[in-house]
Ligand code: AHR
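Only one chain comes next, encoded as structure tokens, the form predicted alone.
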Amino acid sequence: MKLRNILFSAAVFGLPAFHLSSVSCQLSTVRAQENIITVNAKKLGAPIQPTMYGIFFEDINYAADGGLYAELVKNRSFEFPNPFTGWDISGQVLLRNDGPFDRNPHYVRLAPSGHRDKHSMIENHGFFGIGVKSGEEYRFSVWARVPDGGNAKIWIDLVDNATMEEDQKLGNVGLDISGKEWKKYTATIKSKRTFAKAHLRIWGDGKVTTDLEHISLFPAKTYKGHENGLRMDVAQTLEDLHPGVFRFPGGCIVEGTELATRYQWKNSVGPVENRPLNENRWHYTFTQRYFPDYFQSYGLGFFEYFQLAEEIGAEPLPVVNVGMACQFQNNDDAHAPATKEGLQQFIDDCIDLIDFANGDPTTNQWAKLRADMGHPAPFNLKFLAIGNEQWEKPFFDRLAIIAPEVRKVHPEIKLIGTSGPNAEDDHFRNGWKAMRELKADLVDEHFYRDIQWYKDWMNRYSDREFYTKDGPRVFAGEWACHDRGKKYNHAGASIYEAAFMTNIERNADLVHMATYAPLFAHMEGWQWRPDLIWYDNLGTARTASYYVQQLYMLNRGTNVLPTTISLNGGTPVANPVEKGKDGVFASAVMDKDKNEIIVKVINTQEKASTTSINITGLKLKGFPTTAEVVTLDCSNYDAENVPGKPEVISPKSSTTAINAEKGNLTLSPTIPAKTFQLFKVKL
């Protein structure tokens, strides 16, 4: 650099001559910068919907029973096709089917064996064992009677069958039963140590016959303290995300392998003891990881889903059947007739569900049921998805009948259709065309794809020839990134999820919802991956993908700020990265409520990126001097977080300096390779 240029620069910066060497270094840094990100804060862009980032629950990978639902007993009402699935029995144990609950009629009779050393006993294995923790209490409950009258006493043990101690018991309590009438009894057991594979053992009275039904064991501490509650640590992972929308109870399970085994929400509400067993659609699907005892107790039902949505601050978004079983499994068979008469029960299910969620308990039977279950106030349902991942004429014809009937009764509800199981084929394009014609409010898109697909589609929602200004908005309802042959939660895929979400955010006028999927997986019971949250019987793991979603949810903002990137001095554009290539991706938002600007920058390259972030158009009396920086380092490609081990990948916080001049703020970070950095500027 020539001396006269250095002196000119010194004058511009207002520095004395003895600072010339410092100026020279600053200018060298500017010259070396590869990328310039410009955020225009002068005029707010599109509002970002409160529902923009959310979660999707499907009962796959033992997500409900054995997962989020805190019940520890498998087959608690003996209603599995093999009634003793999950149970060992000894002595005089008889199965009977004239119990007190009409939809769960089975129960067991424990009779004296006739010999003092022959004991009648039943023992439950739980879900891959029963996880108990030292000093924690567990609430046992049972419906019971003494059929011949009088009094009896049963004993309940938590046991470690493999222990080398003299006594297998981890905890023990007795329970007195009396009378011929069925009654609910409860007792509390405290575990003396932590063990992931405990069993529940129940001893009959050696002299008196007892009948037992709906045998249940919950942790005394459940999420928000509900009796029919959720596992606290698993539910807490959802609260900590702060999702804007909660889609439930699944996708494919809503369809069922046949219509008879579809998820029916009306069976999932009311007294938990009388909710009938349902076959899980994922029971049969994956022969390489097959779980023949995978059923749905419906203990976690629509009331509990609505309640959870309310408690984590998310909008509830239920999915209901459109009159079709799974198209993948049935093609054009196993569907209800595409007539109003043939679809009436599905129309009723939609309307009755809205009434259950929002209706007046004094005038509506379904709203009264909600109130009787403990929630007199409405759940304020705003959205309803009809159908899941279906395509072409069979789906279009049925939705064309159901949707208008629902709108007649509840025009206030936004209806969500689907564009099918793919995100780029003719089914997809035809689906969007049909949803526009049917005037759906949103269209549900699904794309479980590999890294290369995401590289190719980083500008997906910038295509305004296909995604028109008018018509339905986008709901990216099921999506996740994986690598070929690497369908686990490795950090290498999560960085592309973060980069893809900049395109979602920049196009917030078009995209109103996005929910990663699947949500949960049990370490011993999974059938599909990657998944957002993993757990075993004692703990949870938040994946790198979880932290990507959390960083977006916690930093959603209220409005988009127009953002451009200039690579190596090139033309500033929204995304200058060539299709199919790695690069630097960015988006920015204003949060009017918190008075802050948030810039998200993702570097998917194998090398660090020297970057300048320029925030222009501000009119402030005083300027911030530092910005908060949150860094999610995904450079350890194969790393993944698992339960019981320190987290390998998690966000780290720091600060960086801000230079301010004439209403413009400049940050000069170096974004490491394969890293997501978030910059938060408090104004």
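One-based numbering along the sequence shown. For clarity, every value in this text was computed on a predicted model and none was experimentally measured.
This protein has a second form, the form predicted together with alpha-L-arabinofuranose, left out of what is shown; the following refers to that one.
In summary, the region of this chain contacting alpha-L-arabinofuranose in the predicted bound form, judged by heavy atoms within 4.5 Å and restricted to 455-463, 245-253, 161-169, 82-90, corresponds to 245-253. Residue in contact with alpha-L-arabinofuranose in the predicted bound form (any heavy atom within 4.5 Å), chosen from Y138, Y298, W432, W282: W282. Note on contacts: among W182, Y185, Y448, Y467, the single residue with a heavy atom within 4.5 Å of alpha-L-arabinofuranose in the predicted bound form is Y448. Taking the partner from the other structure, alpha-L-arabinofuranose in the predicted bound form has a heavy atom within 4.5 Å of a heavy atom of E58. Although the partner is absent from this view, W528 contacts alpha-L-arabinofuranose in the predicted bound form, with a non-hydrogen atom inside 4.5 angstroms.
Using a 4.5 angstroms limit between non-hydrogen atoms, N603 is distant from alpha-L-arabinofuranose in the predicted bound form. The shortest heavy atom separation between P518 and alpha-L-arabinofuranose in the predicted bound form is within 4.5 Å. Applying a 4.5 Å heavy atom cutoff to alpha-L-arabinofuranose in the predicted bound form picks out N388, E389 from 379-418, in order along the sequence.
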